[in-house]
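Below, in structure tokens: the form predicted on its own, a single chain.
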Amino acid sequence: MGDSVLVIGGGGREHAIALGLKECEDVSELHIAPGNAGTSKIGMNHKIDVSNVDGIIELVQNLNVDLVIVGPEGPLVNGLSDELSKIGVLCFGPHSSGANLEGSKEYANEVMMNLDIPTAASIRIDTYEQAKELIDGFGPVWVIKRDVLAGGKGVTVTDDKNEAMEAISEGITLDGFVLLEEFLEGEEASMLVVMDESGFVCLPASQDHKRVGEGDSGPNTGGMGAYAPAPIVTDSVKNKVIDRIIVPMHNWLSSEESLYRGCLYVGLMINQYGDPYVVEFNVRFGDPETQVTIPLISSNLYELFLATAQGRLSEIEVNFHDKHALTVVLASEGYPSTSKTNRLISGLDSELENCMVHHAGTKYDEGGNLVSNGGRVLAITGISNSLSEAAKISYKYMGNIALEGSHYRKDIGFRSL
């Protein structure tokens, strides 16, 4: 008899995790809360708000769940993992103290300063007057960060001083203060690191495309596409990331009272000399990076999650396919500002080899039709021996899909292709 698993979240990341778990023989029951149209086909969806920690705990007890895997950051910051450990249920995802690395950028900066981890210089701005005095010392280009969970959209990067001051003013009004940071030159990449107190495993590095428009133009989004492995993270760069960032973080997190068991997402900027700097830490898998990373894991995914939640990651071996994956996100009309939903989606039934459809903002309406239900609707992920071939597969399938007013970027992976 296998185990019962509950995946928390309803996006493309959670569908990717669920698809990976579906392949594992030791998973007998797969539950997703709240899930989407895609997850409803491979497990049981449960309609629940991910911010409702008490409701999730009740669901876990009713379903007799063995392991909870938390997708989004909100429930982790709100202490879901802490509450699960009180009732003796295993959780992949850190306690609230560890989750504060994403919950507060100011806290994360303090930690990095104490551990001598390379990152951008940063200053807290509490008043508009203070901003006027200090702004010239930090730009141009200016980086303004809100110190809250903002779904990947709490950062303004601009070479326009007026726009920078506006972002500072807005942030102070909303949160009481903002962080003004130095701009790091280079190329971004993401490293997802699965860790517990016994050890850590670096998953293949990826690169995502945050901006809505081609050539990385337009406003920031939650992510319009991604690919892995990212060629910018050479073996030499990876070794520097491990030595200068991951090992000090792992040593520190393993010495804390609340043990860190889950994924540490390291957002990197790699400069022209191949030196990595931390742009941000997240305390969970990235979205859409998960969609290109999970399919590259060739070993048992459930064993990876379970061993981490039990604090015995160092005992297992994690292997990867020697493949490339590229995912393209299909977004609703109006995304990222306001998204038009409840529109019919068609064209998903064509069969294509080496291709995965990752649902995100999708649901079935009362008539059983597949309709859009969010800003990022779905992602098409191609997997092949080369990045260019993976891109071809994704875009070929994307061409079959019809959703009124939808848009997607035609240049995912352009830096490497």
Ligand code: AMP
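Numbering starts at 1 and runs along the sequence shown. What you see is a predicted model, and the numbers here were worked out from it, not measured in a lab.
Heads up, the form predicted together with the named molecule isn't pictured, but that's what we're talking about next.
Colleague: With the named molecule left out here, work out from 175-183, 196-204, 129-137, 253-261 which stretch has heavy atoms within 4.5 Å of it in the predicted complex.
Modeller: Only one stretch passes the 4.5 Å heavy-atom test: 175-183.
Colleague: Does K210 reach the named molecule in the predicted complex, with heavy atoms at most 4.5 Å apart?
Modeller: Yes, K210 sits close enough to the named molecule in the predicted complex that at least one of its heavy atoms falls within 4.5 Å.
Colleague: Residue-level question: is R343 within 4.5 Å of the named molecule in the predicted complex, judged on heavy atoms?
Modeller: Outside the cut-off, so no.
Colleague: Is N220 part of the interface with the named molecule in the predicted complex - any heavy atom within 4.5 Å?
Modeller: Contact with the named molecule, yes.
Colleague: Hey, in the predicted complex, is A108 touching the named molecule, heavy atoms inside 4.5 Å?
Modeller: It does not: once the named molecule is placed as it appears in the predicted complex, A108 has no heavy atom within 4.5 Å of it.
Colleague: Among L90, L304, V237, V143, which has at least one heavy atom within 4.5 Å of the named molecule in the predicted complex?
Modeller: Looking at the other structure, the residue within range turns out to be V143.
Colleague: Just one of V77, L296, M112, V155 has a heavy atom within 4.5 angstroms of the named molecule in the predicted complex, so which one?
Modeller: Looking at the other structure, the residue within range turns out to be V155.
Colleague: Would you mind checking 267-300 for residues with a heavy atom within 4.5 Å of the named molecule in the predicted complex?
Modeller: Sequence-ordered list: M269, V279, E280.
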